[in-house]
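A single chain, nothing else alongside it, follows as structure tokens in the form predicted alone.
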């Protein structure tokens, strides 16, 4: 049975859209329905591609507000990593943290997340229940301990063997960073990803301290270090990437690396530099947008992320023409990177049916001089009426099935974790 969305507004024109087997199959001013079709009257809702979160740690919803207003290193070492050790010992907490994150993301128009965390089976369970799409991998740390290196390799191999990859879920290899992962484990992660055609997801050049330590330890930048280890490739997804030299940026371009901009987290943790968007755009580097985790953002709202990203570029460079609304929306909807084949950023036949219906009466969408500008700068996620992922309706008229059960389970998990 297919779905027909009647009377949507697509790029300013009233349009009917047919969805079948998870794909957009027909986009036309008028589509004749059959008895087998489920027909939804969109009532002149504006239809747009859904948003894609390129870098997050979903279960960190459990740590929202825990350790705010701290510098990154003490924040990690004194607040986050000790509590994450507790989360690792409590897989059910990981489940509820991720399940609650999925609820938050769907409510704010996100249908895909590239996630790096712990207790992978519980994270898979949560994403599958939510109906979202996801790329998932366990955050690999060995802190240069050879025994831990062996343990991480074995865990990754075991997870991959049992992971059921499909159009909704993809496995990733996720070494945390060059300052928490040994040369041996990084090299192995690159080889493993190439052998199985998997993405590699890593934090890269997030802080000046990381770069300085790389030069003192390895005699080169983190980007050059990864190049020498064979990790720079179209398989690599590098999150943050704000402390880059021109040579670093050129290397990322030469090897087709996808970078993920995380403006809110970067500003909150005061990483001290700004994503070099203009240089990356000039070199056609694939770009995604991400929220990071809820402990460092403190939400998972990609509408908010778009606005901050655009305004930060304009403010930092003194150029109001940089990162236009059209550009940041294309990045946020997944159009500017092809590393994940199961997401798409355009509503057309053959593409995956991941989309949002927006309430045209929302104050932020009026007057409609420029719809994309309204979406990026004015409307916010409160304008969303309906969310569709892989052809399935996850939210309709702002309601999600089982929402109160998820909220209750999450609150109990937080209480247990912090008791």
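Only a predicted model underlies this, so the values are computations on that prediction, with no experimental measurement involved. Numbering follows the first chain given and starts at 1.
Quick note: we don't show the form predicted together with a further copy of the same chain, though the next part is all about it.
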{"item": "Complete contact of 69, 273 and 315 with a further copy of the same chain in the predicted complex (any heavy atom, 4.5 Å)", "value": "yes"}
{"item": "Segment assignment from 384-392, 346-354, 368-376, 35-43: heavy atom within 4.5 Å of a further copy of the same chain in the predicted complex", "value": "368-376"}
{"item": "Exercise: residue 358 in contact with a further copy of the same chain in the predicted complex, heavy atom 4.5 Å", "value": "no"}
{"item": "Any non-hydrogen atom of residue 84 within 4.5 angstroms of a further copy of the same chain in the predicted complex", "value": "no"}
{"item": "Contact of residue 414 with a further copy of the same chain in the predicted complex (heavy atom, 4.5 Å)", "value": "yes"}
{"item": "Close approach of residue 246 to a further copy of the same chain in the predicted complex, 4.5 Å, heavy atom", "value": "no"}
{"item": "Answer option from 130, 111, 333, 297, heavy atom within 4.5 Å of a further copy of the same chain in the predicted complex", "value": "297"}
{"item": "Selected contact from 323, 168, 232, 156, since only one has a non-hydrogen atom within 4.5 angstroms of a further copy of the same chain in the predicted complex", "value": "323"}
{"item": "Within 4.5 Å of a further copy of the same chain in the predicted complex: residues from 195-210 (heavy atom criterion)", "value": "none"}
